[in-house]
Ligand code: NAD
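Only one chain is included here, represented as structure tokens and corresponding to the form predicted alone.
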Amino acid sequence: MTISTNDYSRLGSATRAFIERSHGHFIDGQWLAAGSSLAVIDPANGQAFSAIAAGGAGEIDAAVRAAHHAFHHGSWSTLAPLAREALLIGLAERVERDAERLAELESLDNGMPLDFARINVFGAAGVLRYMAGWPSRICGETPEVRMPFPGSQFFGYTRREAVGVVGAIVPWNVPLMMAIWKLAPALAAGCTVVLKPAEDASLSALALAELVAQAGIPPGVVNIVTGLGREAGEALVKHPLVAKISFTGSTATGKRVNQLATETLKKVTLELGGKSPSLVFADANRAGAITGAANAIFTNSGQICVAGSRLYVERSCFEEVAEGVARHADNLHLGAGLDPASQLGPLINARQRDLVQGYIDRALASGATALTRRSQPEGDGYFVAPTVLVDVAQGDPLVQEEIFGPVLAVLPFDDQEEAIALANDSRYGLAACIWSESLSRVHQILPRLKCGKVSVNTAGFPYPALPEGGTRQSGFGRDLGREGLEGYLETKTVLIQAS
């Protein structure tokens, strides 16, 4: 199977100019030239097409100090809530205006199909608009205070205050969307931010920096430093002037982030890995469940934290559903992101491609059966064909470990209790999906699933007002929604003796 490569002539002139430009770090409202650089690789062909700056502790320190000054001494610290709202709306408008350029950069950098990139860009703008509504609504409480002191009266209340400088570290799978998931609530709360995008996909974050400046957000409020995680990322987590770290990425890296942050007792939000189950009962709409289960794992080539990578199907309809998902996978068009026909793009890099293919090969060697009929792609890109496997055991690594690729394990169950037990048999707890026409069944299952999000008869797409996050080794804290905003606020208690 030969795969298409990206046709760069399809790119808009603004995108071509951007990738040909020399990229530095965005610190204190200015572009700092790169001392050294990292190649930007097109996952569809394995070739370099641009470069980003390779920052380290020095650049991080400069960015954090700029953010610290903007928070404590700059205009940001005294800016009215409605003014923050207006700036966030202005940034959303510029993201929407430049949506095609941002989507093209995202597709080139990450490999995702261009149509999916467009959806993510407009979804990110929606998060900015949602969070823009919060600055004027942040408020404390005024409980009645009665102390047991004769003749004394007290007045008590609470204030909600921004935590300070936020270090935001985002992954490569949906880079722009993840960056805005961090930036929007932090800015709405009144924080300043140092963003470290993933070294494998930083271009859209750098384009976002230009829009931040155009929107009139003051210098130092948003700073972006590119570079390797072990250099720039660790320096950001350890910096003593950073008050909070918000990290999205793998569980292993999240544990390292949490350990480093503990040394200075920073607030931490971790949105980590997942091995999300989908449960299909015999009373489900079969066609909808098949399409939904396929989309849950094959969207963005499985490179989504909440990807439904474990599919449990009631035994009476197991063969129909498993075969249906496999045929759906066989009919998906695999190609470069800029190819208009592409429905699945490449994986992010050669390391990830080899990791995913290794899981498939080991499962097949251990007795698993592939229901999909496609051969693995040929060429220089980092492609893995969508794969549906049956005859796997619950304890197999294919079922227990996050693969982050287009690989689905399908297993049968006999009754509701077994389905719940299988779904919860994982160290992760990010998301789950239930397919059933019985509301009674759904409401019985919902409180028993150990995860942060459950979708019913639909894919688990995000919505700005609904929080996203997990339990157990999928992390703690939330992005999006009111809960996401509150992660960037501290509560201060005030007690006043009135008489």
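Quick note: we count residues from 1 along the sequence shown, nothing fancier. From a predicted model like this one, the values you see are computed outputs, not experimental measurements.
Another form, the form predicted in complex with the ligand, is not on view; read the next lines as being about it.
Chemist: Just to confirm, A432 within 4.5 Å of the ligand in the predicted complex by heavy atoms?
Modeler: No, no contact at 4.5 Å.
Chemist: State yes or no: in the predicted complex, is some non-hydrogen atom of T269 no more than 4.5 angstroms from a non-hydrogen atom of the ligand?
Modeler: Taking the distances in the predicted complex, the answer for T269 is no, it never comes within 4.5 Å of the ligand.
Chemist: Taking 4.5 angstroms as the cut-off for heavy atoms, does N300 touch the ligand in the predicted complex?
Modeler: Judged by the heavy-atom cut-off of 4.5 Å, N300 is well away from the ligand in the predicted complex.
Chemist: Is the gap between V321 and the ligand in the predicted complex 4.5 Å or less for some heavy atom pair?
Modeler: Looking in the predicted complex, residue contacts with the ligand do not include V321, since no heavy atom lies within 4.5 Å.
Chemist: Would you mind picking the one in R373, R137, R230, R146 that has a heavy atom within 4.5 Å of the ligand in the predicted complex?
Modeler: Checking each option against the ligand in the predicted complex, the one that comes within 4.5 Å is R230.
Chemist: If the cut-off is 4.5 angstroms on heavy atoms, which of these, L105, L208, C305, C191, is the one near the ligand in the predicted complex?
Modeler: Looking at the other structure, the residue within range turns out to be C305.
Chemist: Even though the ligand is not shown here, does it sit in the predicted complex so that M178, G274 and E402 each have a heavy atom within 4.5 Å?
Modeler: Verified in the predicted complex; spot residues all in contact, yes.
Chemist: Picking from 353 to 361, 150 to 158, 334 to 342, 247 to 255, which part of the chain touches the ligand in the predicted complex when contact means heavy atoms within 4.5 Å?
Modeler: Stretch 247 to 255 is the one.
Chemist: Going through 170 to 206, which residues have a heavy atom within 4.5 Å of the ligand in the predicted complex? Please give them in sequence order.
Modeler: Stretch hits, in order: V170, P171, W172, N173, M178, K196, P197, A198, E199.
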